[in-house]
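Shown below, as structure tokens, is a lone chain in the form predicted on its own; questions about how it binds or moves come after it.
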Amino acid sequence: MRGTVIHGPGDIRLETLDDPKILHPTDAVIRTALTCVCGSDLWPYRGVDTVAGPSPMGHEYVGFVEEVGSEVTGLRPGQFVVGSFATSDNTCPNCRNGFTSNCLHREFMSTCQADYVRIPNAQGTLVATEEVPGEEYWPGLLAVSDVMGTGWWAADAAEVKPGSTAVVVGDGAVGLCGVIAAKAMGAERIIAMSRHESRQRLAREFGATDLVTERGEEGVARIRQLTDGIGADSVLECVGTAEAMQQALRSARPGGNVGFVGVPHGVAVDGQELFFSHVGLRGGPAPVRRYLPDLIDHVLTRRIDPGKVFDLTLPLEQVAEGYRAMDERRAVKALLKP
């Protein structure tokens, strides 16, 4: 099969790899219908995360079941399935408590920019649709496997409530999906922090009521100005940098909450400042599997359309261009068709 491999910073190649096989009775193998490049894939691409030799890439996927292991009883070949970037058995104590991305048997997916993918913990990870959805729904369902599920978690962790004010820090795919989530959860005012016109337009379409282009202390001051000097009820941190975290924490009102879902790079939280702010902080890898049934239904009933974050569509053989386009901010998110 064909699969994406990173060899070093800026060096993405599509190579011929061995077809995946069932290694454990809890595995499944799927044929990829769609996959994509994630913003977090840019950390190793830019050399921020170390690449220790050639490594497969990709953790977002939808596809068709090809084969299942002997202990996978809830899936059958031919079904269309949506999964998560973190596998889960969906039965351990952490899963039962809703934190499927911290499953005791968790594995992080990393081979999905390919024709076929082995899915560990398939019974608890994959959710099959009742029938094969029309292809027009596939991008939205692909978004659910990570960026929409992560944006939903950001809003959930920040405790967005009906009538509240929410701030979204970050205008990448996760931030834009955070706008969708805040709108769906009933936020009355949604302030999107974005400097890019095309992303501002999409944020507006998804439900943003205000746009803030300032960053750092100027950005915090602008949020305070828009909230009568108090700060926002909920802040969604969707970037992962130190500046974004500080901006998020200082944009929340006393008693407000920050949901942080950007993979932290160089982030350090001042315990003294957090203590006296009365701001709640919760985040981590999104428990996407918890939300999958509901979000799949949201997409199939057209209540949300997160597939719009894919503004570049390429065949899998042009995966390197997808990385370049996202790295150069010519694209929010690159969709790949095997």
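None of the values given here were measured: they were computed from a predicted structure. Quick note: we count residues from 1 along the sequence shown, nothing fancier.
What comes next is about the form predicted together with a further copy of the same chain, which does not appear here.
In the predicted complex, at least one heavy atom of W153 sits within 4.5 Å of a heavy atom of a further copy of the same chain. The shortest heavy atom separation between F260 and a further copy of the same chain in the predicted complex is within 4.5 Å. Within 4.5 Å of any heavy atom of a further copy of the same chain in the predicted complex lies no heavy atom of D89. a further copy of the same chain in the predicted complex comes within 4.5 Å of no heavy atom belonging to T111. With the partner removed from view, the residue among V51, L300, V269, L42 that has a non-hydrogen atom within 4.5 Å of a further copy of the same chain in the predicted complex turns out to be V269. Interface residue among G283, G69, G307, P56, judged by heavy atoms within 4.5 Å of a further copy of the same chain in the predicted complex: G283. Using a 4.5 Å cut-off to a further copy of the same chain in the predicted complex, each of P93, R253 and G256 places a heavy atom inside that distance. In summary, the region of this chain contacting a further copy of the same chain in the predicted complex, judged by heavy atoms within 4.5 Å and restricted to 27-35, 56-64, 307-315, 284-292, corresponds to 284-292.
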